[in-house]
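There is one chain below, alone, in structure tokens, taken in the form predicted on its own.
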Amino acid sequence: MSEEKKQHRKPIESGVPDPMQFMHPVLKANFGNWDWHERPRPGVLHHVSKTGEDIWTVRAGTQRQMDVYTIRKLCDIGDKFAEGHVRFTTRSNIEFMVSDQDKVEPLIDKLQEAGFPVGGTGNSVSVISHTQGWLHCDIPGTDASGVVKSLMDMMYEEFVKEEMPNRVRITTSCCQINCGGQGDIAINVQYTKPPVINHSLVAKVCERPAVVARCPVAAIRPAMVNGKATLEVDEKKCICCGACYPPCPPMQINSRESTKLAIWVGGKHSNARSKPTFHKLVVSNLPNNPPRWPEVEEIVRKILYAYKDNARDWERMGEWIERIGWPRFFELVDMPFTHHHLDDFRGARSSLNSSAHIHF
């Protein structure tokens, strides 16, 4: 192999470094050559390659926001009880890879002793995919990581066991414009009122043309207030998306009255059994009520256990709802079904080209 081919691919702004340099030797040697796999127990994956080599993966849940001491603790566990190779999933789970089955149980025992539950595989509730929240993000409407903590405390047993009809993927977002994704259950911020403008600060802080250009519905325009250059909002056009707040913090979109949470259900990314789907609104205007968000927890609990008790094996959340119908779903979760829930959007073809099997 030439020296040029040995060099790792350079990281790019929109991507990640070459993963091969950090990959477990067994994974690297058998890349693209796996024969079969199984789940011996919740949180453990066993892969066998066509060469006969084995690899066991132990998955544990972690918090989304980690201090350096927690990271060091996880790395020490990986060095002492695994084989020094770890990876993080998109849902903030950490996975340890070992090539010796005898190392699996001691690794699990050590992780659980250190407070990291093992699970999140198969038909379970995995750790909630969420955004950065108040600690890191400069534009959040809520603390998504706090919402996740309160919900995962409630759903702990569903993480360490595989007792759901199918896998359950839950997402949260801190704002409406940057983050969030399709999920079986999604908890997303909704802004309910136009921004409140501090006119004395706009000219000092904001590039007004950039803010005007940022608005997706052309509801913002330059203005003069008390002799100072500022901005104004046409509230009849404003859709309360919050897009103006990041480039211009004096256009404050957050408050106890205007920042609410909404819960959506039925979204999925996979092509298994049915095409990917967008989630749909179930309930809105829930209070943004830290530190435990009890109103959100109550609704998520109703939805999750109605699904667990009534869905057939292998049905994802959206597939179950499509089978029983939305009116019946709202009966089972004990929530009102109104005309606001009717989805009559017909703007971009019936499939929105959301399937991997695209036909134009």
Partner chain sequence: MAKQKHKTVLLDELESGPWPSFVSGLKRLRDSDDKKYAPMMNDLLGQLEHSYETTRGFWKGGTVGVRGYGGGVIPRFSEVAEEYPESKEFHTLRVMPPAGMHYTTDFLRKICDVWEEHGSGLIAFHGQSGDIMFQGASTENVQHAFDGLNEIGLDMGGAGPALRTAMSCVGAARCEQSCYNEQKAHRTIINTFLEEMHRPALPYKFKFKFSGCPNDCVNAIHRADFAVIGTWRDDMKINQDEVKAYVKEAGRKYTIDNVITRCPTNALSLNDDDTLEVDNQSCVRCMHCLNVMPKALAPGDDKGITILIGGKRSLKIGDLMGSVIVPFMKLETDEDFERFTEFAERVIEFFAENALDHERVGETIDRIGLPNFLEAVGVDIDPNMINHPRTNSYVRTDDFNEAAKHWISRKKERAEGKDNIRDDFVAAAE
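By rigid core we mean the largest C-alpha set that fits within 1.5 Å across both forms. Not measured: the values here are computed from a predicted model. Positions refer to the first chain, counted from 1.
Just so you know, the form predicted in complex with the partner chain exists too; it's not on screen, but the next bit is about it.
Participant: Just to be sure I understand the contacts: of P40, G32, P327, G52, which is the one whose heavy atoms reach within 4.5 angstroms of the partner chain in the predicted complex?
Facilitator: By the 4.5 Å criterion, the partner-contacting residue is G32.
Participant: Just give me the single entry in V86, A262, C206, V233 that has a non-hydrogen atom within 4.5 angstroms of the partner chain in the predicted complex.
Facilitator: None of the other options qualify; the answer is V86.
Participant: For the chain shown here without its partner, which stretch in 219 to 227, 173 to 181, 194 to 202, 102 to 110 has non-hydrogen atoms within 4.5 angstroms of the partner chain in the predicted complex?
Facilitator: Stretch with heavy atoms near the partner: 173 to 181.
Participant: Check whether S145 has any heavy atom within 4.5 Å of a heavy atom of the partner chain in the predicted complex, and answer yes or no.
Facilitator: So S145 counts as contacting the partner chain.
Participant: Examine S124 and determine whether its closest non-hydrogen atom to the partner chain in the predicted complex is within 4.5 angstroms.
Facilitator: Result no; S124 lies far from the partner chain in the predicted complex.
Participant: Check K237 for me: does it contact the partner chain in the predicted complex (non-hydrogen atoms, 4.5 angstroms)?
Facilitator: Result no; K237 lies far from the partner chain in the predicted complex.
Participant: Does at least one non-hydrogen atom of D76 fall within 4.5 angstroms of the partner chain in the predicted complex?
Facilitator: Looking in the predicted complex, residue contacts with the partner chain include D76, since a heavy atom lies within 4.5 Å.
Participant: Under the 4.5 Å heavy atom criterion, name the residues of 41 to 55 that approach the partner chain in the predicted complex, in sequence order.
Facilitator: Contacting residues: L45, H47, I55.
Participant: Is the C-alpha displacement of I71 equal to or greater than 2 Å between this form and the one not shown once the rigid core has been superposed?
Facilitator: After core superposition, the C-alpha of I71 moves less than 2 Å between this form and the one not shown.
Participant: Using the rigid core as the reference frame, would you say K161 shifts its C-alpha by 2 Å or more between this form and the one not shown?
Facilitator: No; K161 is a residue whose C-alpha shifts by less than 2 Å between this form and the one not shown when the cores are overlaid.
Participant: Just checking, between this form and the one not shown and with the core aligned, does N198 shift 2 Å or more at the CA?
Facilitator: It does shift by 2 Å or more.
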